[in-house]
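Given as structure tokens, the chain that follows is alone and in the form predicted on its own.
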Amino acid sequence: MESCCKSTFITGHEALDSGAWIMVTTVPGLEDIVLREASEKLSIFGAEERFCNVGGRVLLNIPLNQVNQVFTLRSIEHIIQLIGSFKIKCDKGGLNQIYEGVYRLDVPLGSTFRVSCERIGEHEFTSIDVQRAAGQALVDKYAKKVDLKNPETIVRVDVIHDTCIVGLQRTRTSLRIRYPRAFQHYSALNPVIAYGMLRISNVRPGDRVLDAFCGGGTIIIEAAQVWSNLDLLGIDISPKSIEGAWRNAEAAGVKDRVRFIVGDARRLEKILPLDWKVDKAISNLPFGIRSGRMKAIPGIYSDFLKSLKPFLKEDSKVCLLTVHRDLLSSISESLNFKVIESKQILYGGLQAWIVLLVPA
């Protein structure tokens, strides 16, 4: 069977050397954002954008002394430091190969451990079977105790088609959790996506950034945490959401660097001074799915873009997240906007798009 892993960095090696091999996870579709950020903050010996051809996984080969710096990346959710990989069969005999392969590897364990597994592909065994086989190998080799609730070490044993990948999970909680949210909006945006949208918009220090559907303030707060010297304004029609956005900004330590006001994104002229111009307008648009307001979506999108246009400069950029790409593109074209990028991502189990517009 042909291997799913084409990487020259890992395939065929029982154990890894030459620096640290790190697999990071992200929102599927944002792998290029991870590589861009990583190349700015780390020394990259090698990388693979969709590790083993799986969306949301990026392989990085970096110096050992930079492993802790991976935690500073804002485009990722989890970090797994890889130890080795080996081929397995997809039938039940693969479990014996997993046991033997894990046993052969040098896995640094604390006093207690547990095994977690993500399995992709068709196999005659389950993820629980993988955890059991790998866990038994580690118990037999190291005589350490298994602790499912609070282990000192989490060992990742992932099976991707015919490849078993073994590593240590360095993150206990997702890095998308930036701060303790004081307010949870019903459609709160993953901050990793917010960061991706800000990067796609090419936000720069000194920019004026507007989120006209700000909800709990995720995009504006993310911008305040990453960039300095920004003029940041969030607007939402819900007073409850604006109150929550202020509370979240305080929890994130950026309350003095942001502004939130109650207002209607479809009537920006009633809120903003006529001479107020925005460099970047970035929003998670309403989808109308959970609220059951699908019929209202075309009007909301159209009214918003009409209302926004007088506040844009010639070089302004508008970055919008939606599941209704074709609808947004059609409305944008009719209002003399040009779509310059459309990136598909997986958002809460939905296929969504980050659409980048410029005034034409």
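Throughout, we count residues from 1 along the sequence that is shown. All values derive from a computational prediction rather than experimental measurement.
Keep in mind that the form predicted together with a small molecule is not shown, yet the notes after this line are about it.
Enquirer: Should F213 be classed as touching the small molecule in the predicted complex when contacts are defined as heavy atoms within 4.5 Å?
Expert: Yes - in the predicted complex, heavy atoms of F213 and the small molecule come within 4.5 Å of each other.
Enquirer: Would D264 count as touching the small molecule in the predicted complex under a 4.5 Å heavy atom rule?
Expert: So D264 counts as contacting the small molecule.
Enquirer: Though only this chain appears here, would S241 touch the small molecule in the predicted complex if you measure heavy atom gaps against 4.5 Å?
Expert: S241 belongs to the contact set for the small molecule.
Enquirer: Does at least one non-hydrogen atom of S187 fall within 4.5 angstroms of the small molecule in the predicted complex?
Expert: S187 belongs to the contact set for the small molecule.
Enquirer: Exactly one stretch in 105-113, 73-81, 232-240, 156-164 has heavy atoms within 4.5 Å of the small molecule in the predicted complex; which is it?
Expert: Going through the listed ranges, the match is 232-240.
Enquirer: Which one of L285, I200, A224, L138 is close to the small molecule in the predicted complex, taking close to mean a heavy atom within 4.5 Å?
Expert: When the small molecule is considered in the predicted complex, the option within 4.5 Å is L285.
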